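Encoded as structure tokens, the following chain is the form predicted on its own, with no partner shown.
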Amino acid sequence: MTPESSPEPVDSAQETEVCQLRLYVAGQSPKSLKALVNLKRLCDEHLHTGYEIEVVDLVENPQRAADDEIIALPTLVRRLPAPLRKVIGDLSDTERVLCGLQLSPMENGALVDG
């Protein structure tokens, strides 16, 4: 007897389009809170293909700063798609952040690694 179901195809293009972001902050400081709000807005408006945000509070986990060689806060790190990119600040300048991360949205919602 053979199984009736076949494995579902994996959409590898969809997997590679997910943007993995890590935001390093210093507790609940005003700049840290503003950076998180700005990051969520930026992602909702410009990264339609998907994203993951990890927030690392260096007040609680100072040893994590070495992971991405963090020297200033807040710092946003784009881990995927490669190569790794960083932007420092409260992320209020959307164009600067997109340029710094080398991300630019396309009209159809696909993410382009520039």
Partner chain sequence: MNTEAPHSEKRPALPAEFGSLPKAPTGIDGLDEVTEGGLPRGRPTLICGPAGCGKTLLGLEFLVRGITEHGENGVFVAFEETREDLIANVESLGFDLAQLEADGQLAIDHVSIEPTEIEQSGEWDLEGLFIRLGASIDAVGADRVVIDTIENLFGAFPDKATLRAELRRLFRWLKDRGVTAIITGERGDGSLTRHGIEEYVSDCVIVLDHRVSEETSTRRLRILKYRGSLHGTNEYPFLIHRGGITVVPITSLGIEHDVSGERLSMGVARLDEMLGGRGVLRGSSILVSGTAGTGKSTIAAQFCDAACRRGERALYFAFEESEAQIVRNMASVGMDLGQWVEQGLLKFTCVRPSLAGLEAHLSSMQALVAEFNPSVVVIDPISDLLTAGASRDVSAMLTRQVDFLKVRGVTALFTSLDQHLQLEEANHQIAALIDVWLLVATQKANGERNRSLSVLKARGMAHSNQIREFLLTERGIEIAGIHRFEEVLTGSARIAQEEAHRRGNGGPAEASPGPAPELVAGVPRAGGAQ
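Positions refer to the first chain, counted from 1. None of these values were measured; they are calculated from a predicted model.
One more form of this protein exists, namely the form predicted in complex with its partner chain; it is left out here, but the text below deals with it.
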{"item": "4.5 Å heavy atom contact, Gly50 and its partner chain in the predicted bound form", "value": "no"}
{"item": "Any non-hydrogen atom of Lys31 within 4.5 angstroms of its partner chain in the predicted bound form", "value": "yes"}
{"item": "Distance check, Gly89 to its partner chain in the predicted bound form, heavy atom within 4.5 Å", "value": "yes"}
{"item": "Non-hydrogen atom contact Glu69 with its partner chain in the predicted bound form at 4.5 angstroms", "value": "yes"}
{"item": "Answer option from Cys43, Leu80, Leu58, Leu36, heavy atom within 4.5 Å of its partner chain in the predicted bound form", "value": "Leu58"}
